[in-house]
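Single chain ahead, written as structure tokens, the form predicted on its own.
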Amino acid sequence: MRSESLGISTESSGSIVFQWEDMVEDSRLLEIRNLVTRFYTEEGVVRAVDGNSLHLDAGETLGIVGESGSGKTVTALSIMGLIENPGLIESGSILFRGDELLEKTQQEMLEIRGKEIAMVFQDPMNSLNPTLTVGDQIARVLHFHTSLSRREKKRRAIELLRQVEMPEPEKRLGNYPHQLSGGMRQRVLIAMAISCNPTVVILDEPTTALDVTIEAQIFELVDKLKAQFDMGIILITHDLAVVANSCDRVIVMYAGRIVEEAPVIDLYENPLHPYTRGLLNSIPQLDKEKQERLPSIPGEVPELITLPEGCNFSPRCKYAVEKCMHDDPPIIKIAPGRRLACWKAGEFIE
């Protein structure tokens, strides 16, 4: 079992720092501790990821949800070692099987990316090279991470396309991306991601612009692959409805910070953070005969350069009190598997 204690200290800047003392379970694949990633621009400092901690276990799917600008994708890029200038990982720790990724050289991260940790990016048309065939693109991944012969690469590419349930996989090897449908292009990206049997796969909005039928097929495919290879999956999305049938655990992010974490069933049955409640209330309910106007969260996500004092969500929160306007709430463990960052947490816990 995993024992955990959490100490909270305050830096001179006023930001909250969490100190974890863990005995990590054998199933722990990935652990992020107090990650701070910022972008230094002419307009100011963008606090994209602001002191977050999370973990991923083998065989589980972790959903990370939130509006655009919440820090979801920057968290993923930090894990992958793909933060570029003017971005900077200022502090924190990213452990993969207990090994610190932030201490790896660029060459070491090149070897880890794709082979150990893979990422499927949001837009398959922009992620695939339009001048190369599907077969060539899969072969390039295999060439970098394996010593397979040319014939073996072709055989493996066909096998991968078959695994992702691509129709006529032998024929698709010679296709260019523009000759494929959106769902097919997404399957190619997933095939490339699993080509070297990675331990962790990050899916960043994998079904954007796909219709609901194809979306369901993609998530069903991901579940099959996870079970087959015992991978850990991180699913990034802005839509809480997407994670309902796909995730084991959910992390809700707002303006660079984690505000709530819970098992997926608990989150849907009893959301605790006002922001989470707002997101869930905005989802259409199919069991209602007549849909009323869906409630929306007032206001907009703040600019990460000019975050409000106190709780980032306080300007949009109907429950906010004076303390919320001036003091930033720490994220605390309130129950097994549940964390919450809200000064009024005690009033929401049932």
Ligand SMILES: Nc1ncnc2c1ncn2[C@@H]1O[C@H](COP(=O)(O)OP(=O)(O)OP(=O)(O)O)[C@@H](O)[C@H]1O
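Residue positions are given as counts along the sequence shown, with the first one as 1. Bear in mind that the values here come from a model prediction, so they are computed numbers and not experimental data.
Beyond what is shown, the protein has a form predicted in complex with the named molecule; the following relates to that form.
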query	finding
Candidate from E322, E300, E67, E309 lying within 4.5 Å of the named molecule in the predicted complex - any heavy atom	E67
Residue (of L35, L304, L30, L62) lying close to the named molecule in the predicted complex, criterion heavy atoms within 4.5 Å	L304
Contact label in the predicted complex: T41 to the named molecule, heavy atom within 4.5 Å	yes
Contact label in the predicted complex: K72 to the named molecule, heavy atom within 4.5 Å	yes
Proximity of V46 to the named molecule in the predicted complex, heavy atoms at 4.5 Å	yes
The named molecule contact in the predicted complex: P86, any heavy atom under 4.5 Å	yes
Interface segment, criterion being heavy atoms within 4.5 Å of the named molecule in the predicted complex, picked from 140 to 148, 127 to 135, 72 to 80, 191 to 199	72 to 80
In the predicted complex, residues of 180 to 207 near the named molecule [heavy atom within 4.5 Å]	E205
